[in-house]
Structure formats: C-alpha cells, structure tokens
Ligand code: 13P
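The chain below stands alone and is given as structure tokens, in the form predicted alone.
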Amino acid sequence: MPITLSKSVHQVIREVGEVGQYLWQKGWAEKNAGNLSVDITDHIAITPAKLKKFPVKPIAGLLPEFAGRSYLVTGTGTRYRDIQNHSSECLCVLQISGDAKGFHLFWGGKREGFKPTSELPSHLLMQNSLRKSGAKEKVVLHTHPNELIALTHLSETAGEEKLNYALWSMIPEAKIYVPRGIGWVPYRLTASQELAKETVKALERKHKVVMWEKHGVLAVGKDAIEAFDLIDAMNKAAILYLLCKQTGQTPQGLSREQIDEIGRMFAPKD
C-alpha cells in the first residue's frame, strides 16, 4: 500500500514542479541536468510497521545522525521540465533506515528502473550540514545557469573574490539578496565526494549560493522558490556584466565603497 502524503508535502511537490518549469524555460536544465533534495522530515509521520513494507535499498557512507530523516529527491535521469506533470515518476520520498545503512523508498519513483539522484550521498551531506548548523534552509537545488557558468571561464571573473565583485557591482540587488556572496568551488569531478565536501565547506561559511567552476550552481533555501530566486538574481547580474562586455568595454560598475554601503544598509540578520 502506498503512503498518503500530507497536504504540506504535496505543496512542496507543487513548488518543486513550478521551479522545474522555470529552470527549463531559462535554459538552465538541459536534458536531465541538475538535481534537488528537500528535507521533509517534519512533514512525515509513518509508523515502523508501515515502513517495513518498503524494502531497504543500501547506500554506503551514511552517518548515524541520518537515521530516520525523510527527503524528497529527484530521480536519476529525470528532467526538471517533466516534474510538474509527472511528479510521481520524477520524484521520490525516502526515509533513511534506523541503522543508517540504506533507505526506504515509500512514495513516487514510478518510472521504470527509477533510482534516486546519483548525487544523493552529496545531497545528504549538505542537508546534514544545514541541519547541524540550525539553518532554516531545507532545499538543496543544483542547476546550470548559462551566464554564471560563462563567468567561470573568464580569467577576470574566475575565483570567489573576483566573481562576487563583478556581480555585486552590476546591480544593488545582487548584494542585497546574496550579501555573503557566492561561494567558490574549484573544478571537481561531477558527483565526486571531493565536490560534495568542498560545497559543504562553503555552506559552513554561510554561503547560500555556491559556484561549481565550469559546471553549475548550487543554492539552498527555505523552499524551492527561494533557492531559485537567489540563483536568478545572481545570474541577472552575470547577464548585465556580459552585456557590457559585448560592447567591447569593461563595465564601470558600482564602486567598492558603494557596495560596502549597500552591505551595511542590508546586513543579514543571521
């Protein structure tokens, strides 16, 4: 018997589907690119007896504190653009087993041969880092925004300090919405533990957006819409930077003093 999800979880699923459409329309989600996870532990109430009906699928490297946590995650090979109309085929809800050696998949995953995203171990590391820090963010979103990726290929904007100065200087909202800037992770192999660990370090430095050099972006938010908005705001700044460059000139941009003034005015509360 399938588990009936609460209204709050269905709302999360609707938001994820909505964001999936935004990502596709912007060209940030080619084919099956990108993945997402949401910690929905607080919205799941399932008895041990019911959970036992769903066999444990093994997964290596989990920490004991993962036990009993529940997550909504995208599936391997699924497309963001399909989530809205085919959520139970593109998404699944899983709970980590009591011994933290695997997980029970008890909703979704109806697509033939379905498996949770291959980045699941990385997502769990990031989710655990957020929870341990007491962060309110429950969503980890990875996608491929064109203009931000392009900036990582230019020597003048490659690197955390240069990238953030370029973005902050383009429009005040970039500093207002992402006051701590984008964390920078030098190129690491896709789906590698090295990539996950470097990203966790950036999250621990309180970055809510992390740039993976020559690959893509990861953002965290209280919900999927917030995570998307953070990336969208910074990619707008990247578009403006590249538009200026297309004229053959270097953007004048806001001065460091002006950026600092914005930072003081809109300093984050957390």
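Heads up: residue numbers just count along the shown sequence, starting at 1. From a predicted model like this one, the values you see are computed outputs, not experimental measurements.
From this point on, the text means the form predicted together with this ligand, which you will not see here.
Partner contact region in the predicted bound form: 30 to 38, out of 199 to 207, 222 to 230, 30 to 38, 64 to 72, criterion any non-hydrogen atom within 4.5 Å of this ligand. Of the residues given (S155, N85, S133, T190), T190 alone sits with a heavy atom within 4.5 Å of this ligand in the predicted bound form.
For the options H144, R180, K101, R81, the one in contact with this ligand in the predicted bound form, meaning a heavy atom within 4.5 Å, is H144. Mapping the unseen interface onto this chain, G77 counts among the residues with a heavy atom inside 4.5 Å of this ligand in the predicted bound form.
Among heavy atoms of H215, some come within 4.5 Å of this ligand in the predicted bound form. At a distance threshold of 4.5 angstroms between non-hydrogen atoms, T117 is in contact with this ligand in the predicted bound form.
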